[in-house]
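Next up: just one chain, as structure tokens, the form predicted on its own.
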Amino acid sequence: MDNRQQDKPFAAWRHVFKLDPERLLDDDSLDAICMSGSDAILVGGTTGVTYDNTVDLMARIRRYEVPCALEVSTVEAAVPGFDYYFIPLVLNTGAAEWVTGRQAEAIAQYDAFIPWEMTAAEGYVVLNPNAAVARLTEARTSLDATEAAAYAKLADRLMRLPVVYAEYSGRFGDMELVRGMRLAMTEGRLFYGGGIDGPEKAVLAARAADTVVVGNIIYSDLGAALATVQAVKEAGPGII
């Protein structure tokens, strides 16, 4: 796999912390996150994300040198000033509005303001039926390994998406299924997120995916969250 979107800033990301603008994080905790050595901070959430809480979180992160990207889940919270922007497309949704509908509406309204050179599509494959994003998007989450790999290849080879996101949001996933998704891809990068509550699971995810996204544990056990950074770095480069 020799062409891995090396011209994209996220091509070298192995560990990412994901912060939800709706959730409270004190200054000391944010300092620890931003100074942890993680490759980037991803800002985004499923519900309760507004312009005000997004711009507030971005301003706090911007005191640090760590790269900061926004996952644009709602156009009302599309805040200028981030290093990069990801536009989610939910590939296994039961409603077309989550693949192209809302995205097309946003482009029609805000095209002149979109920094296209810093913006990329992100193909979500939602795999936890109890996750808020699964309920919101009516995702068909009961995929077997073959079906999940097919979605990854669809995104990677047919749609040419630079990022595919295996999303288990709230629970740790099937790493063999995730590994199969990654092996189905030849161009884009596979992000994994869900249920990483410490270094052990971070290592397992790092061996199955290109990029490990750590989120919820930040708000309940900061020490465990911080320990995932070094764990991922020591896990090596991932699947070759």
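Just so it is clear, the structure is predicted and the values come from calculations on it, not from any experiment. The first residue of the shown sequence is 1; numbering continues from there.
There is also a form predicted in complex with a small molecule; it is not shown, and the following applies to it.
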Revision key, fill the gap. The small molecule in the predicted bound form has a heavy atom of only one listed residue within 4.5 Å, and of Ala206, Val43, Leu190, Val213 that residue is Val213
Practice item. Heavy atom within 4.5 Å of the small molecule in the predicted bound form: which of Trp98, Tyr165, Phe82, Tyr151 fits that? Just give me the one. Key: Tyr165
Revision key, fill the gap. TL;DR on 167-175, 32-40, 54-62, 198-206: the one with heavy atoms within 4.5 Å of the small molecule in the predicted bound form is 167-175
Point to revise | the small molecule contact at Arg14 in the predicted bound form, heavy atom, 4.5 Å | key: no
